[in-house]
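Have a look below at one chain only, the form predicted on its own, in structure tokens format.
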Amino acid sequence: MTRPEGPLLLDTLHDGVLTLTLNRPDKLNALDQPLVDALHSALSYYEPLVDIVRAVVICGAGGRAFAAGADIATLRNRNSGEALLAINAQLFDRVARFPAPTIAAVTGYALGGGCELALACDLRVAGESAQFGQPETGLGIIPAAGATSRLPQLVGMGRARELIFTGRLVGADEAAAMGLVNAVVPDAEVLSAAVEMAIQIAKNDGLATRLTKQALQLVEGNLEHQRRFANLAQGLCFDSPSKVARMDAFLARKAARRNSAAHLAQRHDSGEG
């Protein structure tokens, strides 16, 4: 099944492996509602096909980003009621619960919700250009879609606190050293390496693999109360004047960089400079 256009590309199943490509390269594959809806639709369709889909690879189009988080222009206008809907959190929980193992193939940026989507996958293969980060507190909100629970499980509570509190970006090698990613390969080999890993998984017994995934998830414990708190905390943040001011500043900086780049390109085209 292949869809040539739209926010999500679905590659034809091969050797039990399904590849989902986030397809908003002009927006660094930022997660907006149509993309979220497309992912829900794809997961809903393939969840029952346990004898056909043995592993899933999720990647981003364009090479510059896996997913550069949620669309800040959209978040800027959301209020607490909308935040409490936990739009991204529900999607990422669904990715985590998908019956077959999931692998994130990451090149470029995996920030905010993009990083949380990668965290929701069972495994992560990173290209040398990969940059992971949770910059939410700098925008007046919190990483409520899974980072406060999944990141500590991968890298430990101390490291997770550092990364979330500071919002700093982590390169591929450092991410591997701390256990955030399972493998680092050249950018050109990320997707093939992830698919190769998925094929290896798909060769194993499907029922045994599904049951093993469920058993491993039980080790994580009951995170329901933690998720509820994170969701409520996010609701408070989304009604904060500071959130609006910080997101306005972010969007202004982004517009200034875009205008500066356009001005330089115009000067170059006209032979100035």
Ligand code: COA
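When you see a residue number, it is the position in the sequence shown, counting from 1. Just so we're clear, the structure is a prediction, and the values are computed from it rather than from any experiment.
Form predicted together with coenzyme A (COA): not shown, discussed below.
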Looking at 199-207, 109-117, 174-182, 96-104, which lies within 4.5 angstroms of coenzyme A (COA) in the predicted bound form, counting heavy atoms? 109-117
Of H40, K27, R246, K213, the only residue with a heavy atom within 4.5 Å of coenzyme A (COA) in the predicted bound form is K27
Among A193, A89, I141, A147, which has any heavy atom within 4.5 Å of coenzyme A (COA) in the predicted bound form? I141
Is H14 close enough to coenzyme A (COA) in the predicted bound form to count, meaning some heavy atom within 4.5 Å? no
How about I72 - does it come within 4.5 Å of coenzyme A (COA) in the predicted bound form, if we only consider non-hydrogen atoms? yes
Quick one: does P135 come within 4.5 Å of coenzyme A (COA) in the predicted bound form, counting heavy atoms only? yes
Does coenzyme A (COA) get within 4.5 angstroms of any non-hydrogen atom of I58 in the predicted bound form? no
Contacts with coenzyme A (COA) in the predicted bound form, stretch 241-255 (heavy atom within 4.5 Å): F250, K254
